[in-house]
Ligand SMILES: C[S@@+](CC[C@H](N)C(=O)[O-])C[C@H]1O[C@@H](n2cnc3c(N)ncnc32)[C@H](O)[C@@H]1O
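Taking the form predicted on its own, here's one chain by itself in structure tokens.
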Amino acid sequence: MNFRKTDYDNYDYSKFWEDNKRLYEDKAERMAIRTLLAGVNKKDKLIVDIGCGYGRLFNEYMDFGTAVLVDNSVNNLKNARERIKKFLGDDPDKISSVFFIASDATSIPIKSDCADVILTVRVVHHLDNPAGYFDEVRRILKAGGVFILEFANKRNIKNIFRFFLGRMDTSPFNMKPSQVGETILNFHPEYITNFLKERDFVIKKRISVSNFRISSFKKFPGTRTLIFFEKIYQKFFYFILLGPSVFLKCVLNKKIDENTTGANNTGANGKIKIEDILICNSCGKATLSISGSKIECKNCGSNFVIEDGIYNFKLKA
């Protein structure tokens, strides 16, 4: 996904979340996702989780008819697949409606006008080319589809205090993204919303998230108390974007292309076959032939592989 110096194929991202140090952030993010997905029709609908990691948030959208999990890291996807198989247990019908794709975020092998919902959490701050990513989201999402996006907020209350106290050189108020370490970019909310508005997205709701993310607070008063106040903030003060993380719910207001091949991708039983929504990410054509563990594009001759249940469009056969 054009990650900057972040190699998730050699790092087990699940360990980032395993201890209780980030339990507060996990609960706060899930709270926001549930709010933004409330009222969204899930029956026989397709959700695409772009930058799914190890499938941490899968149980928040498992009620969708079909889920496609996309990540740049094959290692992340392998962990996601194993985790989700254990989570779903002996439900082969549900397992058959979950698919895993390895690809770059700016070149996703999914047909245009195909997804009903797209979810992206903790991804945009890693991208070198967020414009290319937003272009892909617009292409894949159906007209009227829902896009739920999380981004790291540079204009958060902690940065504002640090700036006025002279402990931070970069202003949290300008539009320029701020670099954190070697791999993270924080964005001004207007910087992100401009990307979205230019691509015909209408922002329906904004939620400030992880508003009490201070390490010392996790020890005292503790995570349970922080979540109590987080619920209050997200319910009544969600529009005051002072938290380190911002969630947006957007609806795509683009014209329906009557000639699209992706909009009606469900079968008679409401099931979606993965081969019916895939395209070649080299030439963009829906001319893929799947045989065993190999994927071949009849148009441009590109070849890809299926390994451990993952459709790998990064590794050519």
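If you're wondering where the values come from, they're calculated on a predicted model, not measured in any experiment. Position 1 is the first residue in the sequence shown; the rest follow in order.
Another form, the form predicted together with the named molecule, is not on view; read the next lines as being about it.
Non-hydrogen atom contact residue 199 with the named molecule in the predicted complex at 4.5 angstroms: Residue-level check for residue 199: no, no contact with the named molecule.
Does at least one non-hydrogen atom of residue 121 fall within 4.5 angstroms of the named molecule in the predicted complex? Within the cut-off, so yes.
With a cut-off of 4.5 Å between heavy atoms, is residue 127 one of the residues that contacts the named molecule in the predicted complex? Looking in the predicted complex, residue contacts with the named molecule include residue 127, since a heavy atom lies within 4.5 Å.
Using a 4.5 angstroms cut-off on non-hydrogen atoms, would residue 105 count as touching the named molecule in the predicted complex? Contact with the named molecule, yes.
In the predicted complex, the one of 223, 97, 245, 76 near the named molecule [non-hydrogen atom within 4.5 angstroms]: Of the listed residues, the single hit is 76.
The single option of 186, 159, 208, 72 touching the named molecule in the predicted complex, heavy atom within 4.5 Å: Spelling it out, the residue with a heavy atom inside the cut-off is 72.
If the criterion is a non-hydrogen atom within 4.5 angstroms, does every one of 134, 148 and 195 touch the named molecule in the predicted complex? No, the whole trio is out of contact, none within 4.5 Å by any heavy atom.
Tell me the stretch among 34 to 42, 284 to 292, 271 to 279, 56 to 64 that has any heavy atom within 4.5 angstroms of the named molecule in the predicted complex. It is the stretch 56 to 64.
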